[in-house]
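Coming up is one lone chain in structure tokens, specifically the form predicted alone.
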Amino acid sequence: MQIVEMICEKILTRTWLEGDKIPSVRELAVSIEVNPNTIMRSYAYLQEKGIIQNKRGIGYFVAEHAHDDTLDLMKFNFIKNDLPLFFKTISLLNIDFEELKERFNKFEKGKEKDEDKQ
């Protein structure tokens, strides 16, 4: 799932755009030092979700509407898996939503400063 998340992040940040060719299974396996079978399973999952497509003999490409489909998939996974743990943690640590809102606003301002530097 870490590989799936890495690929989804590249699509969400528009590093990879719809129609872009993505690294081959072997290229990605070598670059991140994992077994090619692991990459193949990740690509198969993303292909099943309609986020990437295989053009036989040419390679894998970012599918049409991949950004929106990726956003939907990542939101669903976050709400299903991460949000309950997040709620449990903030409850255990007695963190209220006002503090979260304040910290989130600081985070967003920091992102804006980073974007200004680019």
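Owing to the predicted nature of the structure, the values given are computational and were not obtained by experimental measurement. Numbers follow the displayed sequence, beginning with 1. Just so we're on the same page, rigid core means the largest C-alpha set that superposes within 1.5 Å between forms.
Below, we turn to the form predicted together with a further copy of the same chain, even though it does not appear here.
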> Which one of these stretches, 22 to 30, 35 to 43, 48 to 56, 76 to 84, sits within 4.5 Å of a further copy of the same chain in the predicted bound form when only heavy atoms are counted?
Replying inline: 76 to 84
>> Using a 4.5 angstroms cut-off on non-hydrogen atoms, would Glu9 count as touching a further copy of the same chain in the predicted bound form?
In response: yes
>> Can you tell me whether Leu100 touches a further copy of the same chain? I mean in the predicted bound form, with a 4.5 angstroms heavy atom cut-off.
In response: yes
>> Although the partner isn't part of this model, could you tell me whether Ile95 comes within 4.5 Å of a further copy of the same chain in the predicted bound form, counting any heavy atom of the residue?
In response: yes
> By the 2 angstroms cut-off, has the C-alpha of Leu12 moved between this form and the one not shown once the rigid core is superposed?
Replying inline: no
> Is Arg103 one of the residues whose Cα moves 2 Å or more between this form and the one not shown, with the core superposed?
Replying inline: yes
